[in-house]
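Take a look at this one chain, the form predicted alone, written out in C-alpha cells.
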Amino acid sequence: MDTKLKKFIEELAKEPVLKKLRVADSKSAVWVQTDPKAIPEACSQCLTRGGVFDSGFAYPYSSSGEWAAAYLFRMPKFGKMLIFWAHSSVFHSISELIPGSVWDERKMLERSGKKFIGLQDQRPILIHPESAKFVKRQKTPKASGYNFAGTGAEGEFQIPVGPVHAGIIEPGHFRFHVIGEKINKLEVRLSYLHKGTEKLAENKEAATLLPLIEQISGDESVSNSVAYAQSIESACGIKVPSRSESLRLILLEMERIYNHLADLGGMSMDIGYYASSSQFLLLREEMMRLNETTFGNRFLRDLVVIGGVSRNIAPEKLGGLKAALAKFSRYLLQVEGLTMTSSTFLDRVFTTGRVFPQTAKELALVGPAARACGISCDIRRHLPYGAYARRQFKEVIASDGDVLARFTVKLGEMKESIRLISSEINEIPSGPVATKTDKALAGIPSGSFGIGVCEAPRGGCTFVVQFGKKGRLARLSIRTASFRNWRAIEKAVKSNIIADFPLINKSFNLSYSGADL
C-alpha cells in the first residue's frame, strides 16, 4: 500500500468509532471493512479528507441472509477508490450526510430488503408497486403506491408529465408542483423500463456480456464497455496493450463529440433557433458517418473487448480521421460564432436552470453538469486510465451552473477531444490490439472484485464486478452518470417557468435507459 494512503487509513482509525478497521488493498481500490454503525462516521471522515462520494451498492453476503453495503469514494490524491463496507441485516443511512446517496440507498434497500436506519425516502425506485404483481421480485419492503408531496404553498397545484412522451424518447415521469407558471418543486420518477441488467449478469461469462453492456445507454456504448472491461481487467490482472489503449481513447473521444453535438443542437432547437440547431445536427451526422467510415459502426459498437479492442485500424484510416477532424474543427468555430453572437439564443440560456455549486456538491454531480458549476471532477484527470495516464489535457470548467454554462462546457470539451484524438494519432504505438484473456478469466478466484471507471459524455460511470465459480460473474453493480445526475434537474428547474423545462432538461440530456438498470 502507498505510504500516503497507509497514513490516511491510520488517521481514520484514530477516530474512536473507527478503531476496528480491516483493510484490503487491490489494484483499483482499497476496501475498508468496519462496523455497520460506523459507516456514516467513516464516510464523514473520508469527505473531510478530500474524498468524493461516487456510489453505493449492496450484495448478498452470507447464506444466513446477511447483506453487505459498500460505499465508494473517489480519492484523486491516491489515484484509487476507497470503499467502506460492512455486512449486517441492519444498516445506517448516509443520506443526511450525503444527499446524493439517496437514490443509491433506495436501490440498495429495494434489492436487499434490509433496514436502512435514517433513510427518509424509502419509496421503491426499481419496480413500481402498481406493476409489482407482474414481476417476480425479491422479498422487499411492501409499498402500496408512490406518493408525491408538494411544498404546501398556498395555491400550489400539480402538473403530471409523462411517463409517455410525444416523440421517440423513453418513458419518465415528471411531477411539477407549481403556482401559476413558476415551478416550486419537481420530482423525477424513472424505471418504467427497468431492464434488470445487473441481475441478468449473474452467472454469466464475462466476455458474453459486452453486447448487453453496450445497450445500457445506446449513445454511450464505448464508455460503458470500457468501464466494464476495465473492471474485469483489474480483477484478473489483465494488461491491455498500449496500442489498444490509444484506440480506446480515440473511440471514447469520438463518442463524446457526437453526443455533445446532439446536446448543443437540441438546446438550440428547444429555443427555436433553427439556424444554429440545424448546423449542429448536420455536424453530428457527419461525425456518425465518420465513425462508420473509420471504425465500421456509427455508434462505435462491437469494438471494445476485454483485453483491448476487437480490430486494428489502418494508419491511412487514422490519417483520414485526423484530416476530417481538422476540417470539422474549422466548421465548428463558424457555428459557435453564429450561436454565441445571437441574442435569440443568449437571452434564453443565461441564468436559466441554475444549479449552485453547493447543491452540485451535495448531490455528488458528475460530468459537464458538475463542471458547469465550477467543480473539477473529470475521471480522465483525477483517476486516469489507459492512454489518458500518458496525456495532458485541459478540463473545461464554467462557474454559473446555468444552461449557458453547460452549453459552454460541452462546446469546449469537443475542442479538447479533437486535440486529444489528433495527438494520439500522431503518437499511437504499434503492436497488438488485444491480449489473450482465457487463462486469466478461467483462473480468477471466486469472490474476487474488480472496479472500472470511465468519463462518459454525461460524466463518470463506475462498474463493480464480483466473480463467482469457474470465472463466471457472481454480480455486477453499475452507477451511470445519468443515475447520479437526474436529481440535478429537480433543483435546476426550481423558480423557473414551465416553458423552460424542455430547454433545461435538454441541457443535461440524461439517459432514461442509463438509469433504468
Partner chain sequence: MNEFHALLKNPKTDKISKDSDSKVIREIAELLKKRSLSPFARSITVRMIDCGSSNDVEIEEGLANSPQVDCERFGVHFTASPRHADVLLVSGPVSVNMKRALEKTYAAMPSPKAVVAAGDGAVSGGLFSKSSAVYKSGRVEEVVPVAIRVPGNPPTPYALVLGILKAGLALSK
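Residue numbers count along the first chain shown, from 1. Only a predicted model underlies this, so the values are computations on that prediction, with no experimental measurement involved.
The following text describes the form predicted together with its partner chain, which does not appear among the structures shown.
Under a 4.5 angstroms non-hydrogen atom cutoff, its partner chain in the predicted complex lacks Asn203 among its neighbouring residues. Taking the partner from elsewhere, Phe350 is found to have every heavy atom lying beyond 4.5 Å of its partner chain in the predicted complex. When contacts are judged by a 4.5 Å heavy atom cut-off, Gly337 does not count as touching its partner chain in the predicted complex. When its partner chain is considered in the predicted complex, Ser191 lines it closely, a heavy atom lying within 4.5 Å.
Remark: all three candidate residues (Gly196, Leu281 and Thr293) come within 4.5 Å of its partner chain in the predicted complex, counting heavy atoms only.
Of the candidates Gly237, Pro99, Pro171, Pro357, Pro171 is the one whose heavy atoms come within 4.5 Å of its partner chain in the predicted complex; the others do not. Checking Ile421, Ile306, Ile428, Leu321 for any heavy atom within 4.5 Å of its partner chain in the predicted complex turns up a single hit: Leu321. Contact with its partner chain in the predicted complex, judged as any non-hydrogen atom within 4.5 angstroms, is confined among 384-392, 326-334, 226-234, 402-410 to 326-334.
Interface residues of 147-165, taken as those with a heavy atom within 4.5 Å of its partner chain in the predicted complex (partner not displayed): Pro163, Val164, His165, in sequence order.
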